[in-house]
Structure formats: C-alpha cells, structure tokens
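Let's start with one chain on its own, the form predicted on its own, as structure tokens.
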C-alpha cells in the first residue's frame, strides 16, 4: 500500500470541482505494475470529461488524465519474470522509465496500470516528452494511417496543426511524403509553423469562419492542387462543410474532435452549446455515394479495449516520427487547474505537461 496525491473531480460539470486529495494506492494486482509518476500529458478530452461533455466520462467521482510517464516501481504477482521465453521485446522491469496510456486516472503521483499499456521511454527523451507522446501520437497515427489510408503524394488538410496532435500529424505526413495544407486558430501559431516547422506561408491558414472556403481555394491554388485526398479534422463546426466539399473523388474526411464546442468558461454554456448542436453539419448519404466521398470518426479511447494493437502502433510511429514531441509549456502538479485553463484558452502550441 502506498500513499499518493491525486486530482479528483467528485462530479463532472465544472472545472472548479477538481480538487486535490491524498489517498492510498494498493499493491499492483495480477498483470499490473506500479509507476511513480514524473509527468502527465494534458488533453482536450480531460477538459471535456471534467465538464461532462465527453462520451466516455465516468459516472460519479473520477481522476482525469489519459497519459503519463514515470518510473516503474513494482510488478504485480502474475507478471512473468524477466527473460521468460515469449516475453515481448519491450518488457519492462522495476526501475525502468516508462510511458503509460490510461483510461482516466493519470492525474496522480503514483498509478497502478496493466503492463500491456506501458512502453519504455526512448533513452534520449525526458519524462515530459514521454508523457506528451501516447495520446496525441496514437491519435495522429490511427486517424491518418489506419482510417485515412494515407499514401505517398496525398494532398492532406490538417486542422489545428500547431497543437499536439497536429504537430504529430505533420511529422507523419512529412515522413510519408504527403502535400499539406495546415490550419490554425491564431497568427502566432501560423508563425510557429512557418519559422519552426518549415511550412511555407501559402500552406498555413488562420481560420476565418466567414471566408474559410475561399481560404482553402487560395491555398489549393498556391500549391497547384485540385482538392484534398484526406482531411484530418478536430474542429468541426463551420469549418467542416467547406473542407468536405473540397475532397477529391475517393477523398476521406476523418473527424476525431469537436473543438468548436469547447466552452470558454469553467462550466458548460448550455444555450451556446445547444445552438451549435442545432447548427452542426449534416450530410446526405445518397449524395455522398454520387460524390464518392467518405466521412469517418473515432475516439482514441476505443483502443483501450484493443491493447493488442498498441505495440504495432508504437512500432509504426517509431519509424514514422523522428525525435520527441514538442513540449511548449510545463506546469507543476500543484498548478493543475491553471494548466487546464491555459489549455482551454486555445493559446497553447504543442503539448502542455504537468511535472510531478
């Protein structure tokens, strides 16, 4: 039994309900390991879960957080001993630095987690870089490669390209040799992509909900493209249909988020959300047949129940991505509420990490 600190919300509905508590962590059970957490990755899903707007939000009290990095302290009794025949090549041992992918529970100073959800941190990476990797890199891989059927030479539109998922997506697209148009919400993010990520100004759009279609047309013309083979969308709202209408035959729009629904306050603005819901994009399936276009959507937490696929995903990412993820801002564990408010503001570039 170990004492630990956690950030727990007793009932979803407002960020202000998140409180710090001390509790006891039992010894790891069969197939589990106990990890002393050193860094925690923040995600928009954490905010939506705390607000009760995430489809997978647990009922009642819960500890948010989907990813972390730390040091493996102990193995549960049913874990095969090190070196046993058939042990996977990424087997971990006490003292190893590891990345963890959780179904909530990561906002803690210690975590018990099944070993199949743990992965060694590359030796040259920091704990913060390790914690920044699982959710957003796997999201980019699953959306672009598994669902999007990305191929060399494809023309791809990436929304929120300066965010954590977006930067991972750009790395994958560069490795595959795709042609990219990127969108961001603020001029500072466009400058970052041009100066720090090597994109040309013609490739980067600062989204304007009133003229977005024209913005896409100018970017396509500048790159001598007649449309997109793939749209990778975490925004939705008024930006969905203009992008969909510029898909080429056999084009795919992959939707993995709805940042347009992000509340601006510490609790949901239900009237505003209701208006957005009523105005949400609608498509005619019969017309889609004639246009030969596809729309797919996913929630990465679905992969939690298919952990056997994670090893292959991590291996593919190791070949597609060079170097660690970009960590733009680090907060102390004590400052978790402030870190979430900063993420909610939309000002962040790259990944935000809590350091324990």
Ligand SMILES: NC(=O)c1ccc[n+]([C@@H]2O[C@H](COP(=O)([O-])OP(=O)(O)OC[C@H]3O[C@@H](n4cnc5c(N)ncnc54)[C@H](OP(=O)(O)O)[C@@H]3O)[C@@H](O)[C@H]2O)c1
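Positions refer to the first chain, counted from 1. Given the structure is predicted, the values throughout are model-derived calculations rather than measurements.
Quick note: we don't show the form predicted together with the ligand, though the next part is all about it.
- Partner contact region in the predicted complex: 256-264, out of 144-152, 256-264, 213-221, 114-122, criterion any non-hydrogen atom within 4.5 Å of the ligand.
- Put simply, of 252, 197, 97, 207 only one has a heavy atom within 4.5 Å of the ligand in the predicted complex, and it is 207.
- A heavy atom within 4.5 Å of the ligand in the predicted complex is found for exactly one of 180, 92, 128, 184: 184.
- Contact with the ligand in the predicted complex holds for all three of 44, 48 and 160, each having a heavy atom within 4.5 Å.
- In the predicted complex, no heavy atom of residue 171 sits within 4.5 Å of the ligand.
- Contact annotation: residue 13 falls outside 4.5 Å of the ligand in the predicted complex, judged by heavy atom distances.
- Under a 4.5 angstroms non-hydrogen atom cutoff, the ligand in the predicted complex has residue 235 among its neighbouring residues.
- Looking at residue 165, you'd find a heavy atom of it within 4.5 angstroms of the ligand in the predicted complex.
- In the predicted complex, the ligand lies within 4.5 angstroms of at least one heavy atom of each of the following residues of 114-150: 135, 136, 139, in sequence order.
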